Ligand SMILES: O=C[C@H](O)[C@H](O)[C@H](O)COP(=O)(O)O
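Let's start with one chain on its own, the form predicted alone, as C-alpha cells.
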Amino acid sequence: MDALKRQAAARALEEVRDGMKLGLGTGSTAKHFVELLGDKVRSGMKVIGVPTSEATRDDAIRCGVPLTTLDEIDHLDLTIDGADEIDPALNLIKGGGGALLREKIVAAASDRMIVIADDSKWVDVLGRFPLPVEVIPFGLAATQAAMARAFAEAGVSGQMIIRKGKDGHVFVTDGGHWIVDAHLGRIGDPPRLAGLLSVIPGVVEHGLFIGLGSVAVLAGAQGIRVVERR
C-alpha cells in the first residue's frame, strides 16, 4: 500500500513546474509527495510551498522545501493532497488526519488540486469513511443537534462520535477545535449535505470537498489511473 501511495505521489510530481507556488497536503500519501519534492529541490527546482498542517510543515523543513504562508501569497498554482474517499465526480471526504480546515483553505486558494491516493480510496458513493466535521467545543450538544437535523434533511443518518487522540483524550486540531466523526454509510447527495452543514454556527468546517479536486491520480496493482473532473 505504501508503495502505491508513493507511485501516485511520483506521478503528481510530474505536474510540478519550476517557479510554482504549491499547497502541500497532509497525511501518509502527501508525505511521500513532500519527500519526493525535496529531492527535486535539492536537484535545483525552485518552488515554494504552503503546508496544510504543522506535521507537513515539519516534513517540508526536514526535506528542504522552502515554505511561505497564505498571508504572504494569497494564490497558489497547485495543491497536491490525499483523500479518504473519492467519488466519480471527484467529490472527496477528507479529514481523517484532522487537518481538513487548513487543507480546504489551501485547496480553495489554488488554481488546481491534484488528489493522490491508492485505488482503495475510489468509491461509487461517499460515506463509508466517517465524515469528519470540525466543531467549536462551546455548545457542542446544540451543534450536534443541528447536525442531526441537517443529516435528516439530506436523507442520511448515523452515529456521531467525538474523535479521541492516541492518548485517549479528545483530539484537538491545529486550530484548537474538536472533530465529530459522523458514521453515515452512504451520502447520496454530497453537495446538498455540504451546504446544510456549512450554515451551522458551531461547525467550523466539514470534510466534504465539493468541486475542489481537479484530477485524481490513483495507484493500484494495474498501474496508475488518472481521472479528471467532468
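Residue numbers run from 1 along the displayed sequence. As the structure is a computational prediction, the values presented were derived from the model and not from experiment.
Below, we refer to the form predicted together with the named molecule, which is not included among the displayed structures.
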Review point. Hey, in the model of the complex, is G127 touching the named molecule, heavy atoms inside 4.5 Å?
Key: no
Check your understanding: So, in the model of the complex, is L131 in contact with the named molecule at a 4.5 angstroms heavy atom limit?
Key -> no
Review point. Is there any non-hydrogen atom of K121 lying within 4.5 Å of the named molecule in the model of the complex?
Key: yes
Check your understanding: Is G49 close to the named molecule in the model of the complex, meaning a heavy atom pair under 4.5 Å apart or at it?
Key -> no
Study note, to complete from the structure: TL;DR on 148-156, 71-79, 91-99, 135-143: the one with heavy atoms within 4.5 Å of the named molecule in the model of the complex is 91-99
